[in-house]
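Single chain ahead, by itself, as structure tokens, in the form predicted on its own.
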């Protein structure tokens, strides 16, 4: 009993450490003071109006959304076949390939960002937007391969072979048999990759340029010179958007399916 009691206390401490800062952010977003203060002295929605009326924040949000969406879709197009090949076939250097694809998730983000800066900007001399998009694609690709690969490890490939024996070609069997059975893994990888791309700072910090700045970098720059609750208001809106997305996923697919 003492052991379980100690584990409960430890769990409460950990969850409190994670949740209390979020609660403070939510509360400060409604404060009337011109600086972030807790507890607040009054209640107002004015900081949300400031955030929504700011052209720089709106442009940064749409850029982050655009880059995250395109990079994630590109990662799905490349990552799903790659994960299928790594799971389905015995390839030479299979472990080495897996390590290569998963390396961006192991190497510190600042190192990945600087390496991509040297390769994309200095070596390839790509335009800013295309370079930023390529950098985000390379960062989120491992998440797609890892999550989809995990779903494929639970898939019984004999079902696919039965489809072959019944006259279904490999392409048709892949789209009609394999993809529907790993749909939860695909949706999970999409959400994980999109969120990681949207919130990415290290890569964006090295690959952004004049007129092309993502939302996280815009928020960091804003905090350097301003200490008002606008950033808290934006954070609340992003948290609310995440909750809405997860609610929709739960109603359409089910959170339990994403854990498979």
Partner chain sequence: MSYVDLNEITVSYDGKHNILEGLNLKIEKGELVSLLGPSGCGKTTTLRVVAGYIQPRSGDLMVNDQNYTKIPVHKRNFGIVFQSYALFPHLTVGENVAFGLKMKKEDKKVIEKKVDNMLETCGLSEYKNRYPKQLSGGQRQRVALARALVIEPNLLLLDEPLSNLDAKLRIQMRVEIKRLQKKLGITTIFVTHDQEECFSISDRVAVMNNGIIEQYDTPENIYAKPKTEFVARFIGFENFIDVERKEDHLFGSQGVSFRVDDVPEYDVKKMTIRPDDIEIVKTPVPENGISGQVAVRTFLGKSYQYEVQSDFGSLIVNGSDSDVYETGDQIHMVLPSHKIVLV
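Fair warning: this is a prediction, and the values are worked out from it, not measured in the lab. Positions refer to the first chain, counted from 1.
Below, we turn to the form predicted in complex with its partner chain, even though it does not appear here.
Item to check | Contact flag, residue 176 vs its partner chain in the model of the complex, heavy atom cut 4.5 Å | outcome: Yes, contact at 4.5 Å.
Checklist entry - Would residue 124 show up as a contact with its partner chain in the model of the complex if we use heavy atoms at 4.5 Å? => result Output for residue 124 is no: heavy atoms all beyond 4.5 Å of its partner chain.
Next on the checklist: in the model of the complex, is there a heavy atom of its partner chain that lies within 4.5 Å of any heavy atom of residue 187, even though the partner is absent here?
Outcome noted: Looking in the model of the complex, residue contacts with its partner chain do not include residue 187, since no heavy atom lies within 4.5 Å.
Next on the checklist: I'd like to know if residue 130 sits close to its partner chain in the model of the complex, meaning any non-hydrogen atom pair within 4.5 angstroms.
Outcome noted: Close contact is absent here: in the model of the complex, residue 130 is far from its partner chain, nothing within 4.5 Å, heavy atoms only.
Next on the checklist: Quick check on this chain: which one of 107, 77, 172, 118 has a heavy atom within 4.5 Å of its partner chain in the model of the complex?
Outcome noted: For this set of options, the contacting one is 172.
Next on the checklist: Just to be sure I understand the contacts: of 73, 163, 97, 85, which is the one whose heavy atoms reach within 4.5 angstroms of its partner chain in the model of the complex?
Outcome noted: Spelling it out, the residue with a heavy atom inside the cut-off is 163.
Checklist entry - in the model of the complex, which of the stretches 77 to 85, 107 to 115, 134 to 142, 150 to 158 has residues with heavy atoms within 4.5 Å of its partner chain? => result Selected stretch: 150 to 158.
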